[in-house]
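Just the one chain here, the form predicted alone, laid out as structure tokens.
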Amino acid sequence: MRVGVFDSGIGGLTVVKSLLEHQLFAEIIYFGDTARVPYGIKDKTTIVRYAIEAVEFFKNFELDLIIVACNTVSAHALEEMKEASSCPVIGVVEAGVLATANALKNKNSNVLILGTKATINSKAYEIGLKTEGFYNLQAKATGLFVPIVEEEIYEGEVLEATFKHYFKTITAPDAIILGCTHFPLISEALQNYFSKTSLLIHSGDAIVEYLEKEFELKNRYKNPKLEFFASESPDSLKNIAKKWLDI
């Protein structure tokens, strides 16, 4: 099994980390559109165009599957990518919704959805969760977390100040959907802010759960081949991958 993982930048490496931990694929090809990150502030037409270009890039490889690690692209351009691709394309939003529904048995649970402006404005998570019977929902655009993570700031005063900026009127929810693949890197600090009372839904873990259920992936690959590509500064992406993935 050979999979392509697409993200607007480096955040999708958190999804790759989950794929590696669960040994689901023999080969993983990662493409980060680092020249045009962030996608979260762009309009739908632009996001769709960039997403189709990613599909064209992946046509250089014989893939069995494409995973859209970017929540913004998953929310705005997944159907267009499916139409343009010769292999199945899955996104993190649907996987995140199903993971939340599986984790929370109480339909009255208070769920906080975090994401970029584009993801939140799409209401993709809210629509999906309401279909599953969840209505006690609160969505918050927290785009500042993206450049903070890109600067490799995972704790400390800057992050604490940003938490206070976004969450000063929000009490600890039952669950928090990390609706951007950058956000798992600040999950520990986020849990500490909410006194470790909230369940965190991580896109990478959600994708693994979805893949194992929907595609019945059972083979385990202990030493998968990894390739990393970027539209700008590929060496920087590779260095970050080595650090984050411990490879």
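Keep in mind that what you see is a predicted model, and the values were worked out from it rather than measured. Numbers for residues come from their place in the sequence shown, where the first is 1.
Quick note: we don't show the form predicted in complex with a small molecule, though the next part is all about it.
One residue of 97, 81, 146, 124 in contact with the small molecule, assessed in the model of the complex (non-hydrogen atom, 4.5 angstroms)
It is 146.
4.5 Å heavy atom contact, residue 204 and the small molecule in the model of the complex
Contact with the small molecule, no.
Indicate whether residue 31 is a 4.5 Å heavy atom neighbour of the small molecule in the model of the complex.
Flag for residue 31 set to no.
is_contact(residue 67, the small molecule) in the model of the complex, heavy atom dist at most 4.5 Å
Because no heavy atom of residue 67 falls inside 4.5 Å of the small molecule in the model of the complex, the answer is no.
Determine whether any heavy atom of residue 37 comes within 4.5 Å of a heavy atom of the small molecule in the model of the complex, and answer yes or no.
Yes, contact at 4.5 Å.
Interface stretch in the model of the complex with the small molecule - options 67 to 75, 153 to 161, 102 to 110, 126 to 134, non-hydrogen atom within 4.5 Å:
Residues of 67 to 75 come within 4.5 Å of the partner.
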